[in-house]
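Below you'll find only one chain, the form predicted alone, shown as structure tokens.
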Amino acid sequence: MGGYVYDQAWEQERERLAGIEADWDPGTIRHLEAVGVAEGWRCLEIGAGAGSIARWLGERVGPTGRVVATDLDIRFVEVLGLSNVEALRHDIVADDPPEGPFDLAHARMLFEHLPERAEALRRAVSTLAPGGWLVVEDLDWSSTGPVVPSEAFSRAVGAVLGLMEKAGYDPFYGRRLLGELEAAGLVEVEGEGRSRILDARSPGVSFYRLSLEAVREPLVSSGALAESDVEAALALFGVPGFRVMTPTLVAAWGRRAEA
């Protein structure tokens, strides 16, 4: 699976991913509850990251259910300690789909990174049982920015997105999700977008701060940013009253048609 510029072996990667969980887990859980995830369900968590949703699914489906949590690096999922959650090192683009079928497949902030996103989505759909649900969440970056304009922040965001786009990232994939799910053959497709305003006190702000810190070296070495640009952007997160609107996280869901 190409297209991902962040290193899960980085010493602060768990903290960076915890910022994603703080920002988005409540909404993700609301969507999973809405599609009916319940005791006994078979669930596939694709790109499990730090594992918070895999943990929630494991607790939700109980001992009669099953959760397969996949990622290229499963170090954060292996330590969950739930007997009904299997951590599987897996590439959704290159490897055969995990053995199913599943009542639910879910992925958050994954397909946007994949140059082969259409094939990855097709493979995710193929794992579903008839009537099973696919829930996908990806970002649309058109809404992001500081509440009070900041050249330092805008320059840093542009440089990070530019780095990711060179690896195949699509910063506007979220807005196309509903159409992509319909094109993949799903029915009852619906969606919702959500955004947040964060400041230095917000637990989730660490994701934005650490995402910049994690790619400091390639940004500076390529000339996309100077060290002073990075420091100026990082300093904003400690300024009282500094607030930033997140990109919009679009959630889309649909069912595989009954046989």
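When you see a residue number, it is the position in the sequence shown, counting from 1. These numbers were taken from a predicted model, which means no experiment stands behind them.
Just so it is clear, the following notes concern the form predicted together with a small molecule, a form of the same protein that is not shown.
Proximity of D71 to the small molecule in the model of the complex falls within the 4.5 Å heavy atom cutoff. Shown alone here, G65 lies farther than 4.5 Å from the small molecule in the model of the complex, counting heavy atoms only. Within this chain, V250 is remote from the site of the small molecule in the model of the complex, having no heavy atom within 4.5 Å. Contact check for G58: no non-hydrogen atom falls within 4.5 Å of the small molecule in the model of the complex. Segments offered: 142 to 150, 126 to 134, 182 to 190, 89 to 97. Contacting the small molecule in the model of the complex at heavy atom distances within 4.5 Å is 89 to 97.
Of the residues L110, L121, A156, L177, just one reaches the small molecule in the model of the complex with a heavy atom at 4.5 Å or closer; this is L110. Heavy atoms of every residue among Y4, A48 and L114 are located within 4.5 Å of the small molecule in the model of the complex.
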